[in-house]
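Before any questions on binding or motion, here is one chain by itself as structure tokens, the form predicted on its own.
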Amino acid sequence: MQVRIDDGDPTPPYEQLRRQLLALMHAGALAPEARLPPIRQLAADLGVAAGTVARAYRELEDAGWLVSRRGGGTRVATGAAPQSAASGVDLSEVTAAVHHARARGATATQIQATVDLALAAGPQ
């Protein structure tokens, strides 16, 4: 699982993490039943407070994307199907473009703004 926090992004770190985890679930990179790292481990890996990871997990759990059980960790919910598989549309090129943009230094906000502009332009 590859997630990162962009210190230059004005988006709060918990929201950056929530969005990235959701994107991974939408792309199928985090499949239903996949176990997520423990909160403290991911927080240490990302260099953020445990509360940041806990909030991202809690918001995804409240939205039905994750399930947590005491002693069982946090997993992707069984009903969390990838959007591309659920819709029958292959969005792998979009995912690849996002990874490419991140590799070139674009922030999540910049990528999101670009996608929003492309969507606002309407159908091609």
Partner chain sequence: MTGFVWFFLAFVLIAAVALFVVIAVFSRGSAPRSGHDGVRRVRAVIVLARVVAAVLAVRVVMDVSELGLYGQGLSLAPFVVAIVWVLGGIAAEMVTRSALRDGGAALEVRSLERYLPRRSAFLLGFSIVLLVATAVITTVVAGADGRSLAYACGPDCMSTRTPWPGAFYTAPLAVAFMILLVLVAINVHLAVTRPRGNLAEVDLAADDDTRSAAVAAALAVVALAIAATAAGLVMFGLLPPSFDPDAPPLIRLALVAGIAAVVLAAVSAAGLLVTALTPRPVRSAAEV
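Residue numbers count along the first chain shown, from 1. Quick caveat, the model's predicted, so the values are computed rather than measured. Rigid core: the largest C-alpha set superposing within 1.5 Å between the two forms.
One more form of this protein, predicted together with its partner chain, exists but is not displayed; see below.
- A residue is said to contact a partner when one of its heavy atoms sits within 4.5 Å of a partner heavy atom; residue 95 fails this definition for its partner chain in the model of the complex, lying far away.
- Taking non-hydrogen atoms only, residue 30 approaches its partner chain to within 4.5 angstroms in the model of the complex.
- The shortest heavy atom separation between residue 39 and its partner chain in the model of the complex exceeds 4.5 Å.
- Residue contact check for residue 45: one or more of its heavy atoms lie within 4.5 Å of its partner chain in the model of the complex.
- Using a 4.5 Å cut-off to its partner chain in the model of the complex, not one of 19, 50 and 63 places a heavy atom inside that distance.
- In sequence order, 1, 2, 3, 4, 5, 21, 24, 30 are the residues of 1-32 having a heavy atom within 4.5 Å of its partner chain in the model of the complex; the partner itself is omitted from this view.
- In the core-superposed comparison between this form and the one not shown, residue 114 has its Cα shifted by at least 2 Å.
- One change in the model of the complex concerns residue 114 and residue 24, whose Cα atoms lie at least 3 Å closer than in this form.
- Note: residue 9-residue 114 Cα separation is 3 Å or more longer in the model of the complex than here.
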